[in-house]
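Encoded as structure tokens, the following chain is the form predicted on its own, with no partner shown.
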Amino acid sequence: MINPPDTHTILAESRRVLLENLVPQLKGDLRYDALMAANALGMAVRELEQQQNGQYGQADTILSAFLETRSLASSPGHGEEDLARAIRERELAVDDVGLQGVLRALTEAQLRINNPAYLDKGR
């Protein structure tokens, strides 16, 4: 194969075929399962798009900077766990504007992958 399709193209085309050709012919549990698979493919496509656009990891960068400014220990790849622990152990005040900004950034980053339509409702 001279120009093999990239992962994004394969996933996007699989999702399109599933939604346009298969889902309309299915009923009941099989239809539900196919829609669930299409949704998972859509999330994978959006995650790849974020990686390609350099957006992936921006929330993690914001989180790491926040934890560092609050002198909270964080191990690589465990920022969200460390943030959750700090909140649970009341090392952070819930009315901290910086904390609220970090939580918003993390939530929006996840919504851009899982449910971008929800973000569009607020704009």
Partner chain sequence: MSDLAEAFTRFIVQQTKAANAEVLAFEKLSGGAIQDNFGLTLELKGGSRPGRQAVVVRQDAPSGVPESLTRPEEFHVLKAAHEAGVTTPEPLWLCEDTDVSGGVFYVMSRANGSASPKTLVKADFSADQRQRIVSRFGSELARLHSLRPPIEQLSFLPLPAGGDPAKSRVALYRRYLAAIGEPHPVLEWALNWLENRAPKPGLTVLCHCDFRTGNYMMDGEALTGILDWEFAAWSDPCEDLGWLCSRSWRFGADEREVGGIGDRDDLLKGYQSVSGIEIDPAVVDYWEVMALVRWSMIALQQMRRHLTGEQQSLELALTGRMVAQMEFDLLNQIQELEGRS
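Positions refer to the first chain, counted from 1. Owing to the predicted nature of the structure, the values given are computational and were not obtained by experimental measurement. Superpose the two forms; the largest set of C-alphas matching within 1.5 Å is the rigid core.
The same protein also has a form predicted together with the partner chain, omitted here; what follows describes it.
**Student:** Is E81 near the partner chain? Define near as a heavy atom within 4.5 Å, in the model of the complex.
**Tutor:** Residue-level check for E81: yes, a contact with the partner chain.
**Student:** So, N115 and the partner chain: in the model of the complex, are they within 4.5 Å at any heavy atom pair?
**Tutor:** Contact check for N115: yes, within 4.5 Å of the partner chain in the model of the complex.
**Student:** Test of understanding: in the model of the complex, would M43 fall inside 4.5 Å of the partner chain by heavy atoms?
**Tutor:** It does: once the partner chain is placed as it appears in the model of the complex, M43 has a heavy atom within 4.5 Å of it.
**Student:** Answer yes if any heavy atom of T107 is within 4.5 Å of a heavy atom of the partner chain in the model of the complex; otherwise answer no.
**Tutor:** Answer yes; at least one heavy atom of T107 falls within 4.5 Å of the partner chain in the model of the complex.
**Student:** Would you confirm whether the three residues I10, E20 and A59 all fall within 4.5 Å of the partner chain in the model of the complex, going by non-hydrogen atoms?
**Tutor:** No, none of the three is in contact.
**Student:** Tell me, please, whether between the shown form and the other one the C-alpha of G54 is shifted by 2 Å or more, with the rigid core used for superposition.
**Tutor:** Shift at G54: below 2 Å after core fit.
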